[in-house]
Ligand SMILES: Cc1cc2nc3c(=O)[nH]c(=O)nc-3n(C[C@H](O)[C@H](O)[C@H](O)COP(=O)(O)OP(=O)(O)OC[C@H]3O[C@@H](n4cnc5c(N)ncnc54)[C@H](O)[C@@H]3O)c2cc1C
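Next up: a single chain in structure tokens, the form predicted alone.
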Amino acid sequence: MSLLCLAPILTQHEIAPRHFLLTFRAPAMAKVAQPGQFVHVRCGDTLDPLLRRPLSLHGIDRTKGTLTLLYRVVGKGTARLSRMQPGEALDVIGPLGRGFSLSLPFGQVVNEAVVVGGGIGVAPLLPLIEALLNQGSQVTVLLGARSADGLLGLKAFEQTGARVEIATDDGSLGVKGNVADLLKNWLTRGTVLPAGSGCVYACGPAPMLRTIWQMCAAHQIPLQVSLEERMGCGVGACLACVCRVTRTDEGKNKEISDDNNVKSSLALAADSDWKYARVCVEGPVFWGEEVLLDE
């Protein structure tokens, strides 16, 4: 269930150059929000910028009825958003999309998890870690950035009580290298997730996700990935954020349909073994075995 509301901004501050943490009050939205979902935010009161911006939920507090966003200023829309002040109303739609699963596809609860985040990809991971810990899962968090200054929200991750390991490209903190290297080191140390009850979760740039997908496939470890894609409408109508996923037992040449069974224009070749999925609706979270990350 998604909602549209004008939510009062409670706090906003810059936690790193061009990176902001914004908290707003939306009790009905916070009540139903799940880790891995996002909201669609209007960044101005004019037609410029025209489109809303999709922002991951970095914090979900159902008791206080608040949601927190961690975002990076990359253009006119997010620059406008960064100038909004506490007390102003945030025009927001959400929660949207498919979030993380705390269970494996066959229903077994995830008992041990490795959560991997690179750069701004850490944004949707904090609620996931909290949810995993609340259900009794053992959680190891692997975080990566170019330098120590670029590690976003590190204190908040450490305060969850999960084990946190760090990689930086310049070696200024933790292991020198990227976060995929950190996962590789973690696996080569002989650390093995329990068969049938362990899972890796990851969010970050596509090259990072491809590398992690390859490692998890080689070790036969279940993987969930949160994709970072440009979105237009956020509700599956504009088809701007499609990605390729594997075709299962559906008939060949079947067209993609939205939740109301409205056919899109994305007809597939009869011999295709893949189809398109909308990241904003069928994602942004996918199982590693279903989304095609090899190209």
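In this text, residue numbers run from 1 along the sequence as written. From a predicted model like this one, the values you see are computed outputs, not experimental measurements.
The same protein also has a form predicted in complex with this ligand, omitted here; what follows describes it.
S.K.: Exactly one residue in Arg98, Arg210, Lys184, Arg72 has a non-hydrogen atom within 4.5 Å of this ligand in the model of the complex; which is it?
M.R.: Among Arg98, Arg210, Lys184, Arg72, a heavy atom within 4.5 Å of this ligand in the model of the complex occurs only for Arg72.
S.K.: Considering only heavy atoms, tell me if Pro54 and this ligand come within 4.5 Å of each other in the model of the complex.
M.R.: Yes - in the model of the complex, heavy atoms of Pro54 and this ligand come within 4.5 Å of each other.
S.K.: Does Thr78 reach this ligand in the model of the complex, with heavy atoms at most 4.5 Å apart?
M.R.: So Thr78 counts as contacting this ligand.
S.K.: Is Val114 part of the interface with this ligand in the model of the complex - any heavy atom within 4.5 Å?
M.R.: Residue-level check for Val114: no, no contact with this ligand.
S.K.: Is the gap between Arg230 and this ligand in the model of the complex 4.5 Å or less for some heavy atom pair?
M.R.: Contact with this ligand, yes.
S.K.: In the model of the complex, do Met29, Val32 and Pro127 all put a heavy atom within 4.5 Å of this ligand?
M.R.: No: no residue has a heavy atom within 4.5 Å of the partner.
S.K.: Can you say which of 158-166, 137-145, 119-127, 98-106 gets within 4.5 Å of this ligand in the model of the complex, counting heavy atoms only?
M.R.: Single hit among the candidates: 119-127.
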